[in-house]
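Okay, here we've got a single chain as structure tokens, the form predicted alone, with questions on binding and movement later.
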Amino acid sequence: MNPLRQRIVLLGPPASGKGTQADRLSSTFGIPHVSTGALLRTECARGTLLGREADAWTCKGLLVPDELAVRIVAAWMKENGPRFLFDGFPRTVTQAEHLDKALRDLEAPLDLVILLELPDEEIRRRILERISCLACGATFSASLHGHAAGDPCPRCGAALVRRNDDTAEAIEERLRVYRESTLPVVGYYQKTAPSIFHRIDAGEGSDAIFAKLSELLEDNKDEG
């Protein structure tokens, strides 16, 4: 049995560091990192029909419809199997219910659900300083990492940009949508899977957060 066989959902508000931590966990533990947001941004950059459909929502700071998000994730699982670290999915209770059903069909239930918590004021500050790569999905802080729009991405070399939904107006809308649509997912998992649900303060340093996440993964691995 593969000791690294994991099925993890990483939740949190915008700019809580989900993508950064998911990348580190994936590299350390060999668990595939799956970000629906990165997949959709890639499609937007390529100008595909799916990308244009998604961009009509994300440019306004809105979540893509449940049907679109579920379709993308289901296709990924069919191709890659039930080993994953989902970053920012599920974002609604409906998506969580669809994921649970898909995993029941595979007889592969979730191992961990982790919530990264961050105050609204810190979320706003981080987003307004964020620089993104539409090609590989990497994100950086302009002040922390010293990158600017137009610079080459340190990971893939594509040009870094400010996302079209990283505006003050769109941030407020994203926070509203997060509170109304995604926070109920926290309640859903607290009710349906309390033994695997954990909270972590995302305001701590990146290394401290990673250490706590790694401990959870190691504990879960040992139990398996």
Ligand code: ADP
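Start at 1 and count along the sequence shown; that's the residue number. Computed from a predicted structure; not experimentally measured.
Just so it is clear, the following notes concern the form predicted together with the ligand, a form of the same protein that is not shown.
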Non-hydrogen atom within 4.5 angstroms of the ligand in the model of the complex for each of 45, 137 and 162: no
The ligand: the contacting residue among 185, 31, 171, 69 in the model of the complex [heavy atom, 4.5 Å]: 69
Answer option from 145, 130, 124, 83, heavy atom within 4.5 Å of the ligand in the model of the complex: 130
Non-hydrogen atom contact residue 62 with the ligand in the model of the complex at 4.5 angstroms: yes
Heavy atom of residue 213 within 4.5 Å of the ligand in the model of the complex: no
Exercise: residue 202 in contact with the ligand in the model of the complex, heavy atom 4.5 Å: no
Partner contact for residue 15 in the model of the complex: the ligand, 4.5 angstroms, heavy atom: yes
Stretch from 91-99, 110-118, 74-82, 145-153 whose residues place a heavy atom within 4.5 Å of the ligand in the model of the complex: 91-99
